[in-house]
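The chain that follows stands alone, in the form predicted on its own, written as structure tokens.
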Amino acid sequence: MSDCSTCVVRNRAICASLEPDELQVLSKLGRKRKIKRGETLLWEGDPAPVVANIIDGVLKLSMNLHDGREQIVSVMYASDFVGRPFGKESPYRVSAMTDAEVCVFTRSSFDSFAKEHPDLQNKLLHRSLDELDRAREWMTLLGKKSATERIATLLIELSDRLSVDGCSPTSRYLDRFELPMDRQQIADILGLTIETVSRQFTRIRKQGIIDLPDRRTVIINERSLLKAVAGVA
């Protein structure tokens, strides 16, 4: 694999805490891998032989219900870490929602490296706590927020992680991004029906808060208003 110091997510990934000589060692343990949309990296309930940093693209974590339906439990973006260090099985399926690129490590080699680098273990702990906080926030969203609030909250999160064209997420106008999921997947994530998702998109668009040039593109015209709809500060 190429030198970790040139990685585009270097300063945001868990390896940001490592020194240059440590990065050189880590780079020899990993390999870059491209994943096509729909391809699976880890299977739910199966041995988890690898962990990975996401370099580009969007992945989903999902679980199968008893009747075969899929429940998406989390969406992961560039710089996020996926897999289960120091574990044996994956509690969820990890698959690509878009074409993606990941930096893959065998779990055994990554575990050995992490044990020798306390700063990396500390980073992993903080990531785990952040994910726990996010899960708790998501429970509030699913349990208490209205359909409109759920859609608005998801759009803000996607804007924060996916905005393009040099638009800052803190800018009032023209946060633009491509939805990595379709309407049915959005419904699955938010615990809504696909019909409700479509109605709420239309409702927010008619208010002038967002534009929807096509089925995938979202432009946020009034971020402050969208946050107000979402009920977030």
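Bear in mind the structure is a predicted one, so any value in this text is a computation, not a measurement. Numbers follow the displayed sequence, beginning with 1.
Separately, the form predicted in complex with a further copy of the same chain exists; it is not shown, and the next lines address it.
Student: In the model of the complex, does each of His66, Leu124 and Thr140 have a heavy atom within 4.5 Å of a further copy of the same chain?
Tutor: Every residue of the spot touches a further copy of the same chain in the model of the complex.
Student: In the model of the complex, does Thr106 have a heavy atom within 4.5 Å of a further copy of the same chain?
Tutor: Result no; Thr106 lies far from a further copy of the same chain in the model of the complex.
Student: Even though the partner isn't displayed, in the model of the complex is Lys145 close enough to a further copy of the same chain, meaning a heavy atom within 4.5 Å?
Tutor: Contact check for Lys145: yes, within 4.5 Å of a further copy of the same chain in the model of the complex.
Student: Check whether Glu149 has any heavy atom within 4.5 Å of a heavy atom of a further copy of the same chain in the model of the complex, and answer yes or no.
Tutor: Glu149: yes, in contact with a further copy of the same chain in the model of the complex.
Student: With a 4.5 Å heavy atom cut-off, would you call Glu39 a contact of a further copy of the same chain in the model of the complex?
Tutor: Result no; Glu39 lies far from a further copy of the same chain in the model of the complex.
Student: Out of 22-30, 186-194, 41-49, 203-211, where are the residues with a heavy atom within 4.5 Å of a further copy of the same chain in the model of the complex?
Tutor: Flagged stretch: 186-194.
Student: Does anything in 8-33 come within 4.5 Å of a further copy of the same chain in the model of the complex by heavy atoms, and if so which residues, in order?
Tutor: Residues within 4.5 Å: none in this stretch.
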